[in-house]
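Form predicted on its own, single chain, as structure tokens, below.
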Amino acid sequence: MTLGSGQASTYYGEPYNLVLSMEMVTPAGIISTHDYTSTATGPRILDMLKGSEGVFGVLTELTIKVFRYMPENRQYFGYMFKDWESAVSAVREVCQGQFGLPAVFRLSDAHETDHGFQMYPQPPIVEKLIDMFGYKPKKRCVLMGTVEGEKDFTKMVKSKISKIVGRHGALSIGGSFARNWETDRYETFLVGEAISDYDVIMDTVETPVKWDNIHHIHDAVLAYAHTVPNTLCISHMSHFYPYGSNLYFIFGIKGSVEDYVRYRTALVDAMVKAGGSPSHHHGVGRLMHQWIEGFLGKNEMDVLRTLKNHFDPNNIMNPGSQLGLNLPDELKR
């Protein structure tokens, strides 16, 4: 029961907003919420239960919104920008256009774009042409995605995206990048499994960003990440909103578990100090619990502790420092 999010959330919405009702068995009794589309009956208990990560009780029933699935209407697209700044400006304009949103929307920074070209090398003539038109390695950024829904809607949204990104200097590269990514989406983790045999550990951290702080957070995290030897850190944006997005940082480090923990901790420190959050949608668990109180503040944490004490007075549900509720002060960051 983390506050997770799916790859197509830009169009379908966050799962948090897709949940209409739930039933949870807690030590204090069964909580069963209603599945009305909306009510004005005060603060919603349902919202207090979402993202509780097992500290209040056990989720036994869930009612969620569903959409009509029309894969025959899916439209794929891909574009290349000359730099990160123009790419970010373009995706912001798309998200604030009020004409509809794509389902998958993914913008890779220059580091991830170069990494992608290494994984999916292009014919030399294609590389030469791209370079000749000014889309240089170490600067160029790839945007890819899909549009889903009713047939006329998908055509219209794809057309609008094409016009907007064109004004920002984007070059169309077709839908192959998005198709390849969709095909390999749930297999690339095998790369991490394989390289672990060579003492390389890979992981991901992510944070919500607003349009006015995305560059600051992106630069601050990578400024630290690229100072540490035997490491790799690449980034992309996904999960978009009119008011911002989410930044992923995918990193790898060759070394011990202790090396990994130090590097990851410093990455999150840089992310939070630059104005980010300890997590956008991967939940909190115990990997992020050190930063929770510093991010939320003591008063908000006291509310969560009060709810915990109400639902689970004997602390038998997922006990420990989940959500940072019982974390010793010396471990807080």
Ligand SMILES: Cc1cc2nc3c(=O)[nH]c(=O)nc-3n(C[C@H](O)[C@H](O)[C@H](O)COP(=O)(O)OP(=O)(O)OC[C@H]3O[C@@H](n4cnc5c(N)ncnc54)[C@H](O)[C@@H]3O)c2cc1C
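Residues carry their position along the shown sequence, with the first being 1. None of these values were measured; they are calculated from a predicted model.
Below, we turn to the form predicted in complex with this ligand, even though it does not appear here.
- Shown alone here, residue 281 lies within 4.5 Å of this ligand in the predicted complex, counting heavy atoms only.
- Under a 4.5 angstroms non-hydrogen atom cutoff, this ligand in the predicted complex has residue 189 among its neighbouring residues.
- Heavy atoms of residue 53 reach within 4.5 Å of this ligand in the predicted complex, making it an interface residue.
- Among heavy atoms of residue 326, none comes within 4.5 Å of this ligand in the predicted complex.
- With the partner omitted here, the stretch from 58 to 66, 303 to 311, 288 to 296, 266 to 274 that lies within 4.5 Å of this ligand by heavy atoms in the predicted complex is 58 to 66.
- With respect to this ligand in the predicted complex, the three residues 4, 7 and 318 uniformly fall within 4.5 angstroms at the level of their nearest heavy atom.
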